[in-house]
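Presented below, as structure tokens, is a lone chain in the form predicted on its own.
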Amino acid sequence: MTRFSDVAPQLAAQAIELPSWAFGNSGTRFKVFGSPGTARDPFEKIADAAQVHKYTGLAPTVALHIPWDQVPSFEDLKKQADDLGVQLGTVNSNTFQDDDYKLGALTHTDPRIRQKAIDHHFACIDVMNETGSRDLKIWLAEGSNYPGQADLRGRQDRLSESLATIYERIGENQRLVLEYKFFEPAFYHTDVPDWGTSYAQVSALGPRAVVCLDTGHHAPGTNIEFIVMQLLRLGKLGSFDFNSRFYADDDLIVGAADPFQLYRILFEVIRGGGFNSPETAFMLDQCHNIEQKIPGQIRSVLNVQEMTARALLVDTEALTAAQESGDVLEANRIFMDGFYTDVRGDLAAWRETRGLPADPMKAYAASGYQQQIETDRVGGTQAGWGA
């Protein structure tokens, strides 16, 4: 029987990257709601993200989104992050908010527009060189709405050429990470709709190109843990974007919709060698539409930590013996025992031994930081994206 004390050392090394955009205003395509104290620029986003790490010890890096996080000096932004005890992480590109990209960016039929999109990724690589970031993450809102609207094969060919041009520019210690999403904003077809398409594209590029798995980017009923297993088996699972979905890409707090799914995913991550591996990065990708941003991020990283602890507690020797003997019910019982183990008390006590609050949510609420930023951040334009 595995005990919590046996797995605590592995939990101590866990790191979950936060998305800068989670600290701005966001919403649905119908409405973006503002909230008091919301960050007004990338520097304030970094300050808010540092609060999550301060109370959880789980979030040492912050991902950037360009141009949302464009600043005159990334050296100054990096210095502020360092001073606050965090670092700048993944750089995310944006080719979905420019009128030129209405019919595609890296897949567009017009060479000028394709080059414009490629040049944007070159600019993102320049940012990576300034910040020391390893990963360039690409999500493409490209596809078509009607049968016959687009040449499906031609778009894949142009995507391949564009990605190859970008891949040639990344450094020896950098990676190109290609995300996928099965639909939206295009509704008939999406150019990178699934893990197989992403895998096919990055495999053609080379060893420094990998797949990003966003847990919200799948059709209902998809066995995501199977995809996790397969990509780890193939050595191409570069990163996670953790969030929850009920119907579509809801970008909700991790574990909110299906904690058991999160547990199953993390079990396969551990089984496949992706946990605490530099080759498989953990990151959140969330938009807090109506809840407070900093507590929302705290809750998310704690949910990932809790389900990781439960998955680590599975008696894998007994599970393997049951699997190999064909004892279906015993194998399932052993697997479920990990999920049903309540580790909240153990985690609270363990946090205190590491100089962290037993209850990070309560500690943040009592800190006065939220009230302070609501007072101080009056005026200016809050960060966010338009709906």
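Note that the coordinates shown come from a computational prediction; the quantities given were computed from them, not determined experimentally. A residue's number is simply how far along the shown sequence it sits, counting from 1.
Not on display, but discussed next: the form predicted in complex with a small molecule.
In the model of the complex, the small molecule sits beyond 4.5 Å of every heavy atom of residue 339. Interface residue remark: residue 96 is counted as part of the site for the small molecule in the model of the complex, having a heavy atom within 4.5 Å. In the model of the complex, the small molecule lies farther than 4.5 Å from every heavy atom of residue 308.
Contact check for residue 23: no non-hydrogen atom falls within 4.5 Å of the small molecule in the model of the complex. Residues with any non-hydrogen atom within 4.5 angstroms of the small molecule in the model of the complex fall in just one of 136 to 144, 310 to 318, 111 to 119, 220 to 228: 136 to 144.
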